[in-house]
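Next up: just one chain, as structure tokens, the form predicted alone.
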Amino acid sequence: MSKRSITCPEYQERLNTAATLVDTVKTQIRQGAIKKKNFVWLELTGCSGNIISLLDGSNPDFKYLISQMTYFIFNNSLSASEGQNAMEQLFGVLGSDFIFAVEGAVATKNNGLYNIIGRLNGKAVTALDAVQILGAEASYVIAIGACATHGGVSAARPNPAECVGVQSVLNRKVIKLTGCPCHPDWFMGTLAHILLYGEPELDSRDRPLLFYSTLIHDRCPRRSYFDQGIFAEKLGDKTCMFKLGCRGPVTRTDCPIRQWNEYVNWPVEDDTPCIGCAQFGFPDAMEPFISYNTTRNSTREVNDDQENRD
């Protein structure tokens, strides 16, 4: 883990949540207390940003996931097999105890023909087919990222492929890890909890409370400016960006504590308002991402008032 100066015990404990869980899995697997399970990560309609984010994880890294934590059966981008062999590898997991992770939205138009992931015995396999077949038998289903949890960017207007989240095509519990992309720790911690204790405690929208229990706004280092009514008027100002459209007050993740890129930075720290990528309804419901209207009106009103007084 990157070295950071964290003095608050609560922050340190939250930051170590995923690593502690994963280390416990490692110990218990080594001692034979628990066994590794088969694991499938399927990419559907999206940008593959979540698997890239996972590859950027560092505490632990992706190598640990595939070598010591699970039997990593399949991923569209990383599997060495292709064609018929790849589809046999994917569906060969049926009948075993496996965990099914899905990244990307499910294209439903024309029975899913807008996203064909391969051919099995000469027949096209749609993403819709794969999710419904594998999702029905998996011990756990985890939707990873905005597109899988609720449609995300793939389902944004005008949504020509009629994309939906995984939950919309499955009649079962789906654990949802929102975010665009999902932080590596959010996934690794959730998977480790499943291996150790089963389903983690979820909120009313099936997000693990381990990582989605607090508002960004409540842990934001610029919160004191908000409380004092001191707001940024343009990008680059170091005060609260609420009036530029920051969605920190409505977005539940631990980004201010955990941060990104090996715990180095996050949007607000780099003078960018939170755009609410971990909110259900992102991106359409979060637009516009940046707005100057409120500040401009306020500035204009102040200037007009000054001119009238002069």
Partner chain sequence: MTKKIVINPVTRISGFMEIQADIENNQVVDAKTAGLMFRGFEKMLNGRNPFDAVYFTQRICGICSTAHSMASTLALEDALGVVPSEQGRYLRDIIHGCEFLQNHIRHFYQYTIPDFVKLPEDYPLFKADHYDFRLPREKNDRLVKDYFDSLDLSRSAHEMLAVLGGKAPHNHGVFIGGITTQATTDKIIKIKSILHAIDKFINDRMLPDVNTIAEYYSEYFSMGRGYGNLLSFGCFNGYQDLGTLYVDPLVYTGGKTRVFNPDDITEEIDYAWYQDTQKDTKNGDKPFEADPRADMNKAQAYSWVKAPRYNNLPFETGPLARLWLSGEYRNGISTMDRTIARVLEVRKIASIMNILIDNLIPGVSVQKEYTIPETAMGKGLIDTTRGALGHWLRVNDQVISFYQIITPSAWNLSTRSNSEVKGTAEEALIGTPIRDINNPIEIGRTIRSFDPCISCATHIYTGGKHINTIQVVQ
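Owing to the predicted nature of the structure, the values given are computational and were not obtained by experimental measurement. Positions refer to the first chain, counted from 1.
Omitted here: the form predicted in complex with the partner chain. The next part is about that form.
**OP:** Check whether Gln132 has any heavy atom within 4.5 Å of a heavy atom of the partner chain in the predicted bound form, and answer yes or no.
**Re:** Flag for Gln132 set to no.
**OP:** Answer yes if any heavy atom of Asp23 is within 4.5 Å of a heavy atom of the partner chain in the predicted bound form; otherwise answer no.
**Re:** No.
Original post:
Looking at the partner-bound form in the predicted bound form, is Leu215 within 4.5 Å of the partner chain by any heavy atom?
Top reply: No, Leu215 is distant from the partner.
Original post:
Do Gly122 and the partner chain come within 4.5 Å of each other in the predicted bound form, heavy atoms counted?
Top reply: Yes, contact at 4.5 Å.
Original post:
When the partner chain is placed as it is in the predicted bound form, which of 199 to 207, 165 to 173, 178 to 186, 133 to 141 ends up with heavy atoms within 4.5 Å of it?
Top reply: Careful reading of the contacts points to 178 to 186.
Original post:
Ok, Phe98, Phe91, Tyr225, Phe74: which has a heavy atom sitting within 4.5 Å of the partner chain in the predicted bound form?
Top reply: Result of the distance check: Phe74.
Subject >> Heavy atom contacts to the partner chain in the predicted bound form at 4.5 Å, residues of 16 to 48 in sequence order >> reply: Read in sequence order, the residues that approach the partner chain (within 4.5 Å, in the predicted bound form) are Glu43, Leu44, Thr45, Gly46, Cys47, Ser48.
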